[in-house]
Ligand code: ADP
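Just one chain is shown here, as structure tokens, and it is the form predicted alone.
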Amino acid sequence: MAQATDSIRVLPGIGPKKAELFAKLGVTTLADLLRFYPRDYEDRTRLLPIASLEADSPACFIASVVTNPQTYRIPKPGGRHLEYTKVAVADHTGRLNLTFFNASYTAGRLQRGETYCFYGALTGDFLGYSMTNPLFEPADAAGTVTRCIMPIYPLTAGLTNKQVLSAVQAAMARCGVTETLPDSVRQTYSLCDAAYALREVHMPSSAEALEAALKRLTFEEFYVFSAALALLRAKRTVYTAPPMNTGRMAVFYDTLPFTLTGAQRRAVEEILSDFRSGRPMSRLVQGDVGSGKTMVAAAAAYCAANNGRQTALMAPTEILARQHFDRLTLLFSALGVRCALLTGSLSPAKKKELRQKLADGEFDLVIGTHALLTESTVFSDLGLVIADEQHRFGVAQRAALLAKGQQPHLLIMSATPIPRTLALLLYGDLDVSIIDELPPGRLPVETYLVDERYRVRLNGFIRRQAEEGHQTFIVCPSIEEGETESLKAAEQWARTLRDSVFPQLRVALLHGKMKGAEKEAVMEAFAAGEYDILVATTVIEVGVDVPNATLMVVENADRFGLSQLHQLRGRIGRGGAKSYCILVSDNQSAETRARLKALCATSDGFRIAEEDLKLRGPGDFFGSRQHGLPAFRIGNLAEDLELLKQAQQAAAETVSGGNMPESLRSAVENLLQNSEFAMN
């Protein structure tokens, strides 16, 4: 019996070249192969007489061969030829002509007078139907390509579906299956065993058996993931951190030139409670764009400084780091909190000087980019790590910063509203504070949906904004022309606007393929008012404040998720002037227009996120894999939320009970070691 950890090379027919192809699909061991689930299924169980077959609707039928296969060749330029084979079959309801292109060997296996089961779709019209390249096998065969539910696997060039299925079947025959779920869990939730589930997911015997297998494997995937989160959470209670004195916050509140909202005060109190608890905080502060997360972070940093502890605030870009530094220095100068800015663009001498002072304890708060992560950055007593726009950092980067202190507290800030159902999953190892209230006086951004018929009026509106001294963002879905037909491409559109539409205005271009320093320079120049219009891709989704920008135009808005559009809209409305977001789309689909109008109707990011998840599903929810959504192989977060809740409850009970089976512990450890396990 082969081991699950054995290479797939132990299987017959898999040599070095084929193993390389499987490796491209992430399959190197027998265990990988068993868990390489089909992406879809083709139901070939429908069996009809010839007379009942419908055009373009695949089905099986049993018929006898009534003519000998005849192969024809049609010459083509260059000495080549097109080869096709014709054969007629019939049953008691009618006769049908079959054509096999470039498959004379396959067609030649059909014997006149013998009966076969065929699978394919009719083509043609009332003048005559035929069928091209149908699959077939003897009528008395077990049904391996006809009268079955056929799994369809993800493939790569050089590998066929048949080869993958054959390899999976060979692995099933050679490798035992370990049960991960405790018997009590399987009984409580009516789940089949692992061996049955894997057999049926790869070789379904019926639709009902496949459904039971999918339920079991989806539950297992959610269960292992939830158990890993529960273990991480439990591990936090083992560590200790010196309790902080949180009684001197009145000075901070009195210094602020405004009053914190109720939601901000609630988030601060939750953080202070963590500081007093004697264990390291791991908290996510989640709030809409402009909800005031930075001030909540500032309160935490002030408390840490009062206790003689240092704070590191990591931002994804230099321009954001500088923006935080300018704001917080202004606030903290009156409170005696010493701030520093550490970024990659500083001179070596300046960086060395700052790092020495940081190591000597002369700074209470250091704000920076990835420069904070280098070995030469040493803290005197790091007590709090704040990660801004958390999805821009990987787990390893966050861990590297945390390792620079003795069990420091962790505060993560995110401006991406996430539905509560997903937040449970994504941040199951974190406590979550939600700021669901905007500061008073912030004007809502008026949002409109228009099509190309409004282009002239829209251009006039952009000119008026410039005449009034305001700036405009124009976001395009692609960078270069030809990426997708009919889409506005940022480079070409910027040239068009600069050369012929707005020759009198200053137009800049920003996209993800530009070098980091170049992007920063363009964004800084726009923020400084050196351009009237910035044409960009979604690289500006998380970006610097430009209070003077009052208009956001999104081209081909139907190509973006609602949450992404909401993030883009959050780039404006940050000053005192009225701001507008114009969604441009010629897509006339009723569903698409209803989706975009939902954005026009509300500015509540959490409501928008729920709607987006419902309409688009989690695969497109963030528009980008980097946001940390777990890459489940079989579970679907949009369709399987009830199963997710059950799995989370079962996993929590198993972990708290302290009787985890060894197979489950092994599965959890394997997941925790996987770089894709994004506890972002």
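A residue's number is simply how far along the shown sequence it sits, counting from 1. These numbers come from a predicted model, not from an experiment.
Just so you know, the form predicted in complex with adenosine-5'-diphosphate exists too; it's not on screen, but the next bit is about it.
Undergrad: Looking at the partner-bound form in the model of the complex, is T99 within 4.5 Å of adenosine-5'-diphosphate by any heavy atom?
TA: T99 lies outside the contact set for adenosine-5'-diphosphate.
Undergrad: Do T496 and adenosine-5'-diphosphate share at least one heavy atom pair within 4.5 Å in the model of the complex?
TA: T496: no, not in contact with adenosine-5'-diphosphate in the model of the complex.
Undergrad: Answer yes if any heavy atom of P204 is within 4.5 Å of a heavy atom of adenosine-5'-diphosphate in the model of the complex; otherwise answer no.
TA: No, P204 sits far enough from adenosine-5'-diphosphate in the model of the complex that none of its heavy atoms falls within 4.5 Å.
Undergrad: Is S478 one of the residues lying within 4.5 Å of adenosine-5'-diphosphate in the model of the complex, judged by heavy atom distances?
TA: S478: no, not in contact with adenosine-5'-diphosphate in the model of the complex.
Undergrad: Have a look at R147, R442, R233, R186 for me and say which one sits with a heavy atom within 4.5 Å of adenosine-5'-diphosphate in the model of the complex.
TA: Of R147, R442, R233, R186, the residue with a heavy atom within 4.5 Å of adenosine-5'-diphosphate in the model of the complex is R442.
Undergrad: Which residue among R327, R266, K86, R463 has a heavy atom within 4.5 angstroms of adenosine-5'-diphosphate in the model of the complex?
TA: Flagged contact: R327.
Undergrad: Exactly one stretch in 514-522, 360-368, 252-260, 597-605 has heavy atoms within 4.5 Å of adenosine-5'-diphosphate in the model of the complex; which is it?
TA: Comparing against adenosine-5'-diphosphate in the model of the complex, the contact stretch is 252-260.
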